[in-house]
Structures are given as C-alpha cells and as structure tokens.
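For reference, the chain that follows is the form predicted alone, supplied as structure tokens.
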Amino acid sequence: MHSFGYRANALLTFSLTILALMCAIASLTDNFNSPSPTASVQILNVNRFQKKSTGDDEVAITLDISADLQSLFTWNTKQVFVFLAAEYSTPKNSLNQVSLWDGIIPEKEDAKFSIKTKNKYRFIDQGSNLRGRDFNLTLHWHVMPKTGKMFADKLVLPGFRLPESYR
C-alpha cells in the first residue's frame, strides 16, 4: 500500500500538471484574437512654449484623446497599459520619444474613452530643437494577460507641428 505522503504528492503533481496545461491553452487562445483598435488625437491648444533657463525647449499642450481599445480585451486580459508619446527627430538623435499621457484600463467597459487633458508629463527637448518641428503622436499599448506573455503594439498618428516662435 502507498503511504499518505506518496498519494498526496501524486495528487499535487497531477493537479499542477492540469493547471499548467490549462494556462498554456488559455495563453494560446489569445493568438486567435485579431484586435483592431482605433484612436484619434487633437491638439486643442499650445498652452506654453518656452525656452527654459537651461536652454531646453518646453511645451505644454491641451490634448483631446479619443480611443476605442475594446478589441484588445479577451477573457484572458487582466488590464491594458496605454500611453501617448510625441515622436520626432533632431540632427543629434534620429528618434526622440517623450511620453505625454498614460493610463491603465482595467476593464473592457473602460476601453472606449474620450478625454480632454493637459500633457501629464513635461514635453521637454534637450536643446532648442522644437520650434517649427514636425512630430507624430503615437498611442502605445501593452496588454497584460492573466496568463501567458504580454504583448505591445502602437498606432502612429502623424501630421503635427509645433509653432515657429516661443509663447
């Protein structure tokens, strides 16, 4: 006859094997989801555009952000981290990225939103490179599943330009 410890070990091993298999299947089902998120961003106002005493350019803007990220949610999605970044190039750096706003979306019902907000983080360039600069606003998201690997993607919204002079 097998001892109690041996039986408990066999039951625990079997249970954990089944749990791992269920987690793997749950993770694989996310591959069948083909999300199609949409977003639009408008700059409502350039509140402040100045050269700081350190010589760096600083911009404060008011944004209108509308997005429908509901297609990112499946039954395996825990939450979605989303952020808006300004992306531009300068003679010194081929790609500069400045985060302007971010948020965590915990549920599918909250994934369709429209907000008017000022940039949450300071839009500063190290140097005087922002006057008259063309830039893209890019909405990035990271989907955090309950089980499985996290994935990220983005939506580039081109066609923005900063003023030629400081305000």
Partner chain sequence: MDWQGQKLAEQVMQIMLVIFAIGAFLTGYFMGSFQLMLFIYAGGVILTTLTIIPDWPFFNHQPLKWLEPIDAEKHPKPEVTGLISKKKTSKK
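All values reported here derive from a predicted model rather than from experimental measurement. Numbering follows the first chain given and starts at 1.
There is another form of this protein, the form predicted together with its partner chain, and it is not shown here; the text below is about that form.
Inset, instruction - Quick one: from N136, T29, S40, N45, grab the residue that has a heavy atom within 4.5 Å of its partner chain in the predicted complex. - result: Checking each option against its partner chain in the predicted complex, the one that comes within 4.5 Å is T29.
Inset, instruction - Using the partner position in the predicted complex, report whether W75 sits within 4.5 Å of its partner chain, counting heavy atoms only. - result: Residue-level check for W75: yes, a contact with its partner chain.
Inset, instruction - Please run the contact check for L19 against its partner chain in the predicted complex: heavy atoms, 4.5 angstroms, yes or no? - result: Because a heavy atom of L19 falls inside 4.5 Å of its partner chain in the predicted complex, the answer is yes.
Inset, instruction - Answer yes if any heavy atom of F151 is within 4.5 Å of a heavy atom of its partner chain in the predicted complex; otherwise answer no. - result: No, no contact at 4.5 Å.
Legend entry - Non-hydrogen atom contact I25 with its partner chain in the predicted complex at 4.5 angstroms: I25 belongs to the contact set for its partner chain.
Inset, instruction - Give, in sequence order, every residue of 125-153 that has a heavy atom within 4.5 Å of its partner chain in the predicted complex, or say none if there are no such residues. - result: Result: K146, T147.
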